[in-house]
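Next comes just one chain, in structure tokens: the form predicted alone.
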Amino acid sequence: MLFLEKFFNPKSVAVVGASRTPGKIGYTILENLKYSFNGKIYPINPNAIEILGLKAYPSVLDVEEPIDHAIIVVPAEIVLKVIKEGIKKKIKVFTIISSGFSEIGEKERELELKKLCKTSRKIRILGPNCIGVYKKDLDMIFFPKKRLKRPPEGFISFITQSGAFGSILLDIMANEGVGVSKFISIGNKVDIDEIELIKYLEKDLSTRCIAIYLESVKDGLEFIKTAKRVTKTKPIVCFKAGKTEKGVEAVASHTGALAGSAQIYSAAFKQAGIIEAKSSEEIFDYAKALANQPVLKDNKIAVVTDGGGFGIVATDTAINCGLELPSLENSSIKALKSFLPPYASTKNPIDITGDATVERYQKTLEIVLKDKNVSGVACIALMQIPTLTDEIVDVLKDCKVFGKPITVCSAGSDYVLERNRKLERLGIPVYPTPERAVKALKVLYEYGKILKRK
């Protein structure tokens, strides 16, 4: 684990293949590092004296100070030479961004890297064919910030076998204000894989939920054993790609790995206590709920809405998911009737109607969340209605004090998205449809059942 610490918290980083040309990968990585990382940065380029105001060096061997982490962005055919120089320099960890290995049939190159890891026993490698690590103070991914937004700090750590899939999800999370602790692209995983990273993240205090995009697992038994232990204290949500015959073929050409059948993976996930996402949408939806909300202790929820149609859709989804919408206690119904207009509905789903105010939401949610028959709430807040002010954000945030999970459906364009981002930053998961908000509650119920396993 000491080695992995140098991946995420190095004191110095070398960029081997740093470029002077804007738009090149070696330039973008160096630029992103310069404006995020507080340690020493050493651009390595034999044809440059200075890049981006930083002194450049012909080789890592020409740097007098120690180097913790080397990011490699050179052609695949010289990667091995660069790592051997790094070993002489006593660099412990390497992230190989370069592609051109088993994903294009060049398995021999990858085998040489594996042999080097085994024989030296002094180095660790992330990649090759990856986009590296991102955290707020260590941005080494090669997408310009003008094209790919960076998310705020949060509690989700994301492991991805596909750099493209991971980067797009990162951009979406940034746009919606969903926080990230660590983003780790593992590529062809010649050395470090998802199992080792799960073990590291198990003890990472800034990680509350581990999300994984997976194409293949090399050691299935160890994967299950590790996940089974970790999911007792920290949720794991996983999206397995390559489930069809053509999908399996695509996995082989993407990272040079073999993928097993969907049924085997699904069974393994259940055994290990992993929440399986069936789509790219679900891995995002589930992770942000699991990272920020308590579990749903049983399947009894309430729906609170200011839009009748969305309330009906949420109710249908809940029933189809195996959730229940119980009647509220008589005292709760009486309390609701004391301030709701006569045209509102106090039955579950509770429709506080399209002229709802912040005060109406605040009183309703407090009564519902205190009700003994209700273990969680899907709250639909259509923010376009003229009676609703920005204070709704604080009302929803304050619902955390009741210790019950709440998910929010808030759909719309720019005006709505701006308020949704504020909610996400406050740890309230927001979804654009009632179906997704309810399914997120169902996942909190599933994880609650996993925690109760002996």
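The model shown is predicted, which means the values in this text are computed figures rather than measured ones. Each residue number is its position in the shown sequence, starting from 1.
The protein also exists as the form predicted in complex with coenzyme A; that form is not presented, and the subsequent description refers to it.
- The partner is not drawn, yet in the predicted complex one stretch among 69-77, 280-288, 313-321, 231-239 has residues with heavy atoms inside 4.5 Å of coenzyme A: 69-77.
- The shortest heavy atom separation between V16 and coenzyme A in the predicted complex is within 4.5 Å.
- Using a 4.5 Å cutoff between non-hydrogen atoms, N129 counts as a contact of coenzyme A in the predicted complex.
- When coenzyme A is considered in the predicted complex, I184 lies well away from it, no heavy atom lying within 4.5 Å.
- For P46, a non-hydrogen atom is located within 4.5 Å of coenzyme A in the predicted complex, even though that partner is not displayed.
- Between the options T226, S98, N299, Q293, the residue in contact with coenzyme A in the predicted complex by a heavy atom within 4.5 angstroms is S98.
- The contact with coenzyme A in the predicted complex, taken as any heavy atom within 4.5 Å, belongs to K81 out of R147, K270, K88, K81.
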